[in-house]
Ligand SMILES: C[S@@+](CC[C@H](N)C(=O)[O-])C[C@H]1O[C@@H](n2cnc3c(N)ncnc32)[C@H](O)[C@@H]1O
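Coming up is one lone chain in structure tokens, specifically the form predicted on its own.
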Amino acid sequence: MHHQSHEHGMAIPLTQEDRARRAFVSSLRSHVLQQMSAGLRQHFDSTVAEENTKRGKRLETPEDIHRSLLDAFPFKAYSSVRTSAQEMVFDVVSDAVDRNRDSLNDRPTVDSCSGTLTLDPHLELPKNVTGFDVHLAPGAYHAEYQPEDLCAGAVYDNSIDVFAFGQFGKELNDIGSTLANYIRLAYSDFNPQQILDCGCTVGHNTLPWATAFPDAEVTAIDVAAPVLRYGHARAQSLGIPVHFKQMDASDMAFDDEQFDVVFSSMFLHELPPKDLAAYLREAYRVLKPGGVLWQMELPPMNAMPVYENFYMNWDTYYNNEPYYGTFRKQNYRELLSNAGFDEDNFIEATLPRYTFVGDAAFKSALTGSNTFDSLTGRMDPKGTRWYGFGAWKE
């Protein structure tokens, strides 16, 4: 008996074995990030922190906590199982994608809406994409194994499903839905006509912008051709028009003052500092006056408790995300100011998940103050809050 992996035209058939393996890894991920992380925190509070206090040593930085736990069995167990679970995510989805490689690559793109795909075969891919397997994903997101290949996009789409154990919502689009609806509801007089998503991969978080602002033209860019091919086919099958373009966000081929919104989700922490600065300058350049830069990201270290900073920085060391910790150490307001934005136009918010709470509850939450704690920026069934920051351009 076969079931489809997703409710869109690029879904692949899954066997009972596929679904069982995925369910196991998803449950393992949930166990690591809930029970094992809670055990690690308990061990730190009751043993490590206490021992250091007795010796008169204060653990004041995330690095201090990391060093203090390196030899502790709970940390070794947590890190080992979490790393294995991450590798297993790609293992359990790749089999099904490989089985369906030919049918995926030959699947015709639906022409039911006006979305487009524009690739640039001469684009030089940046080293932070090609130099290592980001997130421990074999071949990362750019690898192609045959002409017109889109399997890296299929692996990403299917792996996010397993990786997030339901915390990104049914359509895996909760981050985009949350950030787009924040702009729609918090700035109800704002009526964007041109929206840009940078580092879009397959467009999970792009499409909600087209839904939230149906009169706008939505463009999405990424450097990796396979995810763009897949993202375009997926969007077309869902009847949501988006223009996917292969382009480096740190050197955009767009006109000055072309967009009302420049958005990205979990993108900035993947960039080397030089490319990050270049991207923010480019974002400022392509924004119209009166437009907004709006980024979903990891909350900054200067707003978070020290243990949460240590916990978040795990990916820097063990998940092939070398710029993760460096990014979070920076002052986000300063980053945008250096790119040209006025410091007084800086905005930030910690937001409940829109697809989980609904329009009315989400809107009422916008009047509250921002909260930075263990539920901010971390996937947690108890009520994750996504963090967004940006600035309006004068």
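Because the structure is a prediction, the values reported are computed rather than measured. In case it trips you up, residue 1 is the first one in the sequence shown, and so on.
Absent from the display: the form predicted in complex with the named molecule. The rest refers to it.
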property: Proximity of residue 129 to the named molecule in the model of the complex, heavy atoms at 4.5 Å; result: yes
property: Partner contact for residue 117 in the model of the complex: the named molecule, 4.5 angstroms, heavy atom; result: no
property: Residue 200: touches the named molecule in the model of the complex, heavy atom cutoff 4.5 angstroms; result: yes
property: Partner contact for residue 247 in the model of the complex: the named molecule, 4.5 angstroms, heavy atom; result: yes
property: Proximity to the named molecule in the model of the complex (heavy atom, within 4.5 Å), stretch among 192-200, 91-99, 230-238, 69-77; result: 192-200
property: Candidate from 266, 186, 110, 143 lying within 4.5 Å of the named molecule in the model of the complex - any heavy atom; result: 266
property: Of 287, 179, 224, 280, the one that lies within 4.5 Å of the named molecule in the model of the complex (heavy atoms); result: 224
property: Heavy atom within 4.5 Å of the named molecule in the model of the complex - qualifying residues of 268-299; result: 270, 271
